[in-house]
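What follows is one chain in structure tokens, specifically the form predicted on its own.
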Amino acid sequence: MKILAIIASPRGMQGNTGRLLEEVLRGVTEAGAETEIISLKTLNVQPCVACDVCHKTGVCNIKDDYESIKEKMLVCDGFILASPNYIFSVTAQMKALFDRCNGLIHCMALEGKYAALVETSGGGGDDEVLTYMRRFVNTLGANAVGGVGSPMAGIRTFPDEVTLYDNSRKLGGELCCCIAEKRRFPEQEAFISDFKARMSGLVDFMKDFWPFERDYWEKNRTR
């Protein structure tokens, strides 16, 4: 089992988000899964420029690291998204990645996968960011098994660390269990089903301009 962790902190694994992600990954490792960490700090993921080339070819025209990240997302069994809270949202690095995933979203290409979420903040608002990331996961067709978030209490320290770290390790293990059991999440499945109909209809409407997504849906209509 392969779990891909994508961290969008400008401090990489050295900041608070990296510290919390370490505990989640510890739970993943204890469950017997293999892990890989992608730190967006060290990569070049530029903003989407709305050139529409990806809709025609399935490949982004910007020459940076996005396509390699996309391929890792497509082949992993599950993934983790980790970001600090920047003004009640994810960092610019994570948002750039989200926007570049528009083709994956139109095709809901990660359907059947599972994800976990990690967030840290300076002064709260954790649930708002976790909810935003969960919605992104669902638009890819994947289920979010849960998330951990916390304000900091200092550099790489948190309030009630014993409980927080225990919950983080449990989340990593839970991600692996959900993948192995193909666990269902009815509330998320309802959203995914509705969004799938929306994306299928959108691609039908744009079929003359989005040939890659049109062909994708024609091949996968009965999924």
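From 1 onward, residues are counted along the sequence shown. Owing to the predicted nature of the structure, the values given are computational and were not obtained by experimental measurement.
What comes next is about the form predicted together with a small molecule, which does not appear here.
Visitor: Counting any heavy atom within 4.5 Å as contact, can you tell me which stretch out of 71-79, 86-94, 99-107, 130-138 lines the small molecule in the predicted bound form?
Guide: Stretch 86-94 is the one.
Visitor: Three residues, Thr120, Gly124 and Met152; all within 4.5 Å of the small molecule in the predicted bound form via heavy atoms?
Guide: Spot residues vs the small molecule: full contact, yes.
Visitor: Please check if Lys207 has a heavy atom lying within 4.5 Å of any heavy atom of the small molecule in the predicted bound form.
Guide: Because no heavy atom of Lys207 falls inside 4.5 Å of the small molecule in the predicted bound form, the answer is no.
Visitor: State yes or no: in the predicted bound form, is some non-hydrogen atom of Arg11 no more than 4.5 angstroms from a non-hydrogen atom of the small molecule?
Guide: Arg11: yes, in contact with the small molecule in the predicted bound form.
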